[in-house]
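Next up: just one chain, as structure tokens, the form predicted on its own.
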């Protein structure tokens, strides 16, 4: 065996040994500055946001990619303790649909998903971490929707200040105390 073949085979063995541990663990789908999100967590957050703002004749949370907004805001704006509470609450939340319907949140129907989320509106006997998770997802979903390009251009038509000039405004509608000139 010549030296080149031996070096090439050694490089393949070392590369395989280095790659093997990465193949056996659950790989994160996205790496953020302060945490990693895997496919199950992404699906849960995305499904919750879509349940909160479903697609009707207007785009839903999935259409507006609110999952990315929620996770990016959590990564950039939340404190380390809040991020830890969020992920701990996410783990606890995963058990709730399992207890109620014997299936994961992703496998639940839309009615079942709504009933799971409605329990948070009716009861507050959940752990503070689970409530933090739910309130974070709900709050950032609504915030992301109302700040989205779709909402700001199609739902709320914004006019720059000072607005348009209305020359036909009747003088009698002015406040008392303003003298007519």
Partner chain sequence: MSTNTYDAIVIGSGISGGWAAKELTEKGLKTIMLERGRNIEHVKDYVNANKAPWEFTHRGGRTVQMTKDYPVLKRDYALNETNLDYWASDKDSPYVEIKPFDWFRGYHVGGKSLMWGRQSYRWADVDFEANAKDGIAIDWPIRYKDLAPWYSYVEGFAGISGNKDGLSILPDGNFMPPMEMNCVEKDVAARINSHYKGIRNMIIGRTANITQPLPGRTNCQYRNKCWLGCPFGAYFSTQSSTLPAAMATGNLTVRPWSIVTRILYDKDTKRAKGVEVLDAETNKTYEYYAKIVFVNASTLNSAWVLMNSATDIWPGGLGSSSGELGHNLMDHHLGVGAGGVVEGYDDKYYFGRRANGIYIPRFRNLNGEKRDYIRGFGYQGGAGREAWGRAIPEFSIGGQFKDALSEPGEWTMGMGGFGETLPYHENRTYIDKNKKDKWGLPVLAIDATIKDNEKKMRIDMGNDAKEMLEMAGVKNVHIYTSEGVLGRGIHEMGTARMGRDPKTSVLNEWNQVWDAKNVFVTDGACMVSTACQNPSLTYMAMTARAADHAVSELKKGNI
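Numbering follows the first chain given and starts at 1. Model, not experiment: these values are computed from the prediction.
Another form, the form predicted in complex with its partner chain, is not on view; read the next lines as being about it.
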Exercise for review: Would you check, heavy atoms only and a 4.5 Å threshold, whether residue 143 touches its partner chain in the model of the complex?
Suggested key: yes
Exercise for review: Please run the contact check for residue 77 against its partner chain in the model of the complex: heavy atoms, 4.5 angstroms, yes or no?
Suggested key: yes
Practice item. Report whether the minimum heavy atom distance between residue 152 and its partner chain in the model of the complex is within 4.5 Å. Key: yes
Check your understanding: Hey, in the model of the complex, is residue 156 touching its partner chain, heavy atoms inside 4.5 Å?
Key -> yes
Review point. Out of 138-170, which residues reach within 4.5 Å of its partner chain in the model of the complex, heavy atoms considered?
Key: 138, 142, 143, 145, 146, 147, 148, 149, 151, 152, 153, 155, 156, 157, 158, 159, 160, 161, 162, 163, 164, 165, 166, 167, 168, 169, 170
